[in-house]
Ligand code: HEC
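Single chain ahead, by itself, as structure tokens, in the form predicted alone.
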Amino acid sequence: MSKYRNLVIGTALASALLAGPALAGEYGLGRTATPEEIAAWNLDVSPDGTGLPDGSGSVEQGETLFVERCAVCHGEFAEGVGRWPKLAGGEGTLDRADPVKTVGSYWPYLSTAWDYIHRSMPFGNAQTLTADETYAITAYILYSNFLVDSDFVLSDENFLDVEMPNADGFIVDDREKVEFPKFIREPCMEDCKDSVEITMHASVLDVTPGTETDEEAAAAQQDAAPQDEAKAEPEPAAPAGPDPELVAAGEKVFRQCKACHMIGDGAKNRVGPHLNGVLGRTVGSVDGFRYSRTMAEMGEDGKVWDAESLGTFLENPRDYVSRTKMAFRGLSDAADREAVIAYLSTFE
């Protein structure tokens, strides 16, 4: 009984303490918080910029900080590592069944990103970033989403000038008045629905069983198989290409590029442009991708990617293209560069 009584008394005391000034007089506990104490706890940043501290940080500074403090979870290019969230990409996916929600594609207010980073990151070492470091990391995340240029400096003075792509994609939450009344009602206890039927399949997850019988599936497979292999026309010989072993080695090297670039059937622009047909392509010419100013000017001057220029670029991207958006440091091994170029050459 004594343990239970102590628990009750302790709970009551905690409740009284949490109640604060409203019950201070009645119980003789606590006091009214001072304005300074309230300000110390009131750390949130509003969408209109209220609560932002003085400070600034550049994309260049943010890249260094991001690699040191954030990349272990979010990748060097904010592409996400394993099951840790992506912070970049996802453009044009919000109308799909499986959207990619990132700072660039989904978040409506930059203040949310800044406030979260400043108060909750890095994971396991929260609130160790200064205001200037938070501005710099936020600037790099914006750059990773192609929302600012590489020479951009984010500060409390230009914070509201940054336009978030999904700023108009949210509506006022009126569920309490509109939706809740439709669902908050007494459960049906008699004369309810006669039967339950599957009305929709979870097509994205592919978990709903189909209705095809085993016999139908076997018949469909048999119909799809060639009826007479002897009559099948021989396939034409494949044209000569790069060394298959070199291509295979290049495919492994390309794993370092997959976070930003797609290649092959259905390839689209991501953090970087797709690389189908890159050999022989004019620099900075992929439709729909926003290149750095320097690379766009190289294309306007007629520069074309060939094996030599691509190899030089891959060795040190920033030396070859000033102010390139490509954050990758490059491939120092000449064999790796040769292999990945051979691999890229197989995609037209």
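Remember, predicted model here, so these are calculated numbers, not experimental data. Just count from 1 along the sequence shown to find any residue number. Between two forms, the rigid core is the largest collection of C-alphas that superpose within 1.5 Å.
Keep in mind that the form predicted together with the ligand is missing from the display, and what follows is about it.
Trainee: Taking the ligand in the predicted bound form as the reference, which of 246, 164, 148, 117 has a non-hydrogen atom within 4.5 Å?
Mentor: By the 4.5 Å heavy-atom cutoff, the listed residue in contact is 117.
Trainee: Consider the chain as shown here, without its partner, and state which of 136, 142, 87, 110 has a heavy atom within 4.5 Å of the ligand in the predicted bound form.
Mentor: It is 87 that has a heavy atom within 4.5 Å of the partner.
Trainee: Quick one: 66, 286 and 328 and the ligand in the predicted bound form, is every residue within 4.5 Å by at least one heavy atom?
Mentor: Each of the three qualifies.
Trainee: Using a 4.5 Å heavy atom cut-off, which stretch among 167 to 175, 122 to 130, 150 to 158, 182 to 190 contacts the ligand in the predicted bound form?
Mentor: Stretch 122 to 130 is the one.
Trainee: Whether residue 310 contacts the ligand in the predicted bound form should be assessed with a 4.5 Å heavy atom distance threshold; does it?
Mentor: Judged by the heavy-atom cut-off of 4.5 Å, residue 310 is in contact with the ligand in the predicted bound form.
Trainee: Spell out, yes or no, whether the shortest heavy atom distance between residue 320 and the ligand in the predicted bound form is within 4.5 Å.
Mentor: So residue 320 does not count as contacting the ligand.
Trainee: Consider residue 256 of the chain shown here, and say whether it contacts the ligand in the predicted bound form, taking contact as heavy atoms within 4.5 Å.
Mentor: Because a heavy atom of residue 256 falls inside 4.5 Å of the ligand in the predicted bound form, the answer is yes.
Trainee: Would residue 61 count as a contact of the ligand in the predicted bound form, using a 4.5 angstroms cut-off between non-hydrogen atoms?
Mentor: Because no heavy atom of residue 61 falls inside 4.5 Å of the ligand in the predicted bound form, the answer is no.
Trainee: Judged by heavy atom distances of 4.5 Å or less, which residues of 249 to 276 approach the ligand in the predicted bound form?
Mentor: Result: 256, 257, 259, 260, 261, 271, 272, 273, 275.
Trainee: C-alpha of residue 277: shift of 2 angstroms or more between the shown form and the other one, rigid core aligned?
Mentor: Residue 277: C-alpha displaced by 2 Å or more between the shown form and the other one.
Trainee: Is residue 56 one of the residues whose C-alpha moves 2 Å or more between the shown form and the other one after the core fit?
Mentor: No, residue 56 moves less than 2 Å.
Trainee: Once the two forms are fit on the core, has residue 286 moved its CA by at least 2 Å between the shown form and the other one?
Mentor: Comparing the forms between the shown form and the other one, which are aligned on their rigid core, residue 286 does shift its C-alpha by 2 Å or more.
Trainee: Assuming the CA distance changes by 3 angstroms or more, are residue 86 and residue 254 closer together or farther apart in the predicted bound form compared with the shown structure?
Mentor: Farther apart in the predicted bound form, by 3 Å or more.
Trainee: How does the C-alpha distance between residue 165 and residue 283 change in the predicted bound form compared with the present structure, closer or farther, given a change of 3 angstroms or more?
Mentor: Note: Cα gap between residue 165 and residue 283 widens in the predicted bound form.
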